[in-house]
Every structure is written in structure tokens, then in C-alpha cells.
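First, one chain by itself in C-alpha cells, the form predicted alone.
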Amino acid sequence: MIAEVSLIVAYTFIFGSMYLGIALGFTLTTGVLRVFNLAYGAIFLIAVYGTWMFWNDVGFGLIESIVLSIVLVSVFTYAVYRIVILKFAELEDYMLAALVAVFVIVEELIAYFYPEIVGVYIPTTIYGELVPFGEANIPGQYVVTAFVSLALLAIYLLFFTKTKNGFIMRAISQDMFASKLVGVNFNRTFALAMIIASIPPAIIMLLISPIWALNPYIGWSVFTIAILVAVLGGLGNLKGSIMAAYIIGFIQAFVGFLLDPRLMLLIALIVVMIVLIVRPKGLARAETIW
């Protein structure tokens, strides 16, 4: 029993931190643009398969391939903003349909060029040993991913509390109309928000890719986690996302080690639905990013 408790505590931290990193960009996009970016899941795929393309097919070194894949992710998100979000700004239903279409197009292109039989593997393991925690041993790469996720969160918090662009994004999230009155450059700010929102999920996906079995359709399962965290926390609210990530992390660790791992996502979905019935706007106020 002590080993199970140790595992639950450890994986609550690991899952919570990892899920926070996965959802960080989605929360930012929702908080600043007020857009439910359904193309967000494509970022996870482009990060991994872009790195594989540059490394395995083109012949660049691994570090150069990672950098180029993150650049590719940034270009992709900027293109989504310019081509889809701006074009359908006044037609939300069409925008959501177009964003889903973009996600599916990326997914199908990757499935065509890199089907699961190819066996894509990105050697981004930083620490491959086991880390002892109480009576349990935790894969070191999970621990690294958790701390990198927290570091990314710290960088985001510094950005929002210490930089001019961060203050502008917070102002937009609190009162878009007042921000227009003082002359905020919305196109520039929104484009910047989209780009910086794409970086954390790309980094986290690259770190967990050596542990998870990669396939061209993994974007949906990872994106589901991002949606759960963002919706439970209160769409676009970072404080809420932090709370939600660790709540979902605890639920999945508890269910996975004491009940049945196959029920981890199902139970998390049920709990989120119950919370939303009681608090339809989530755990935190969704009208502001912080």
C-alpha cells in the first residue's frame, strides 16, 4: 500500500505538471484571442514528425531538427491565425469547422507520409534512469518533463507580469473593448499570442515522445487532455489551469494505480462534467487570463 501511495503522489505531480505544459498554449490562446483553437492538436504532431523529417529524412543534426520543427510549428500557428482565424473572425461556427479541418488535414498528411509502421522515434531522452520516490521508482524522463513544464509556466508568468506585451495581453483578456479604445494593435498581439502559445506544447511533446508510443493520431488524445485542463480551469485562465491540471493528474494517478488504468480518462471526463454542472465556467474566472 505504501508503494501505491508513493506512486499516486509522484504521478500526481508528474501528470499534473505535464498536463499543465500540454494545456498552457491552449489556455493562452483562449484567454487572449477568445478562440477555441481546435487546430491546437496539430502542434503536437508537427513538433514530433517535423523533427523526424528534418533529422531522419533531410539529414540535419538532432538539435538543429528540434529547432527547425519548433520554427515550423510557429509558422503553422501564424498561418492558422492569418488564414483561418482572421478570415472567419465574425463566423465562429465556420471558424471552428475550419480549425478542425486544418487539424485533420495535418493528421492525414502525416499518416500518409509516416504511417505507424515507419516506427518514428525521437531520441530526446535527457535522463533515462529511474528516480526513487518513497517505495516507488519513477522514470527519470517523466521527472525532467515535469520540471521543464514548471519552468515554462514560470517563464509565462514572468512574461505576463513583467513585460509590455504581457500586460497588453492581460488587458485584452480583461476588457477587449477598452483595449481597442487605447489603441492596442490587435493583429500584432494576437499573432504573437498564437506563436508563443505553440512553443510549450511542442517542447513537452518532444520530451515525452521517447516514452509514449507515437502514431499519426496521437494528437487527438493529447489534445483531449489540453481541453479538459482548460475547460475545468475556466477557459483562458492560467490560475484555473494550474489547479485543473493537478486535479486531473491526481484523478488519473489514483484511478491508474488503485482501480484500472483503462478507466483513467473516463473517470477524469466524468469528474470534469460533474464540476462543470456545478460551476459551468470552471474553477476560476474565465474572463481574465490571470
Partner chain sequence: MPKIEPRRGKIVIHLLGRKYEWTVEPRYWRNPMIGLALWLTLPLLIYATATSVFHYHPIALLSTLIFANLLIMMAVPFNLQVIGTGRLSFGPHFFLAVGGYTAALLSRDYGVSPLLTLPAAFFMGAIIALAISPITIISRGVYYVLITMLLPFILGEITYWRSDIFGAETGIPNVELLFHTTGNVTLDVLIFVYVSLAIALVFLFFVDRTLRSRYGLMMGVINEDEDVALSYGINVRWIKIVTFTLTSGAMAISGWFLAHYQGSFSGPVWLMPSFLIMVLLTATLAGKGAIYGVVVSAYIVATLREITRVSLGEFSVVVLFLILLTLLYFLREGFWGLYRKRRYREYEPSIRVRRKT
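Source: prediction; values computed, not measured. Positions refer to the first chain, counted from 1.
The form predicted in complex with its partner chain exists for this protein as well; it is not shown, and the discussion that follows is about that form.
Partner contacts here mean any heavy atom within 4.5 Å of its partner chain in the predicted bound form, and among 104-112, 203-211, 156-164, 143-151 they occur only in 104-112. Within this chain, residue 9 is remote from the site of its partner chain in the predicted bound form, having no heavy atom within 4.5 Å. Taking the partner from elsewhere, residue 231 is found to have a heavy atom lying within 4.5 Å of its partner chain in the predicted bound form.
In the predicted bound form, at least one heavy atom of residue 38 sits within 4.5 Å of its partner chain. None of the heavy atoms of residue 255 is located within 4.5 Å of its partner chain in the predicted bound form. The three residues 44, 64 and 194 each lack any heavy atom within 4.5 Å of its partner chain in the predicted bound form. Checked against its partner chain in the predicted bound form, the residues 83, 130, 126, 75 give one hit for a heavy atom within 4.5 Å, which is 83. When its partner chain is considered in the predicted bound form, only one residue from 227, 70, 53, 243 comes within 4.5 Å through any heavy atom, namely 227.
Looking at 205-219, no residue comes within 4.5 Å of its partner chain in the predicted bound form, counting any heavy atom.
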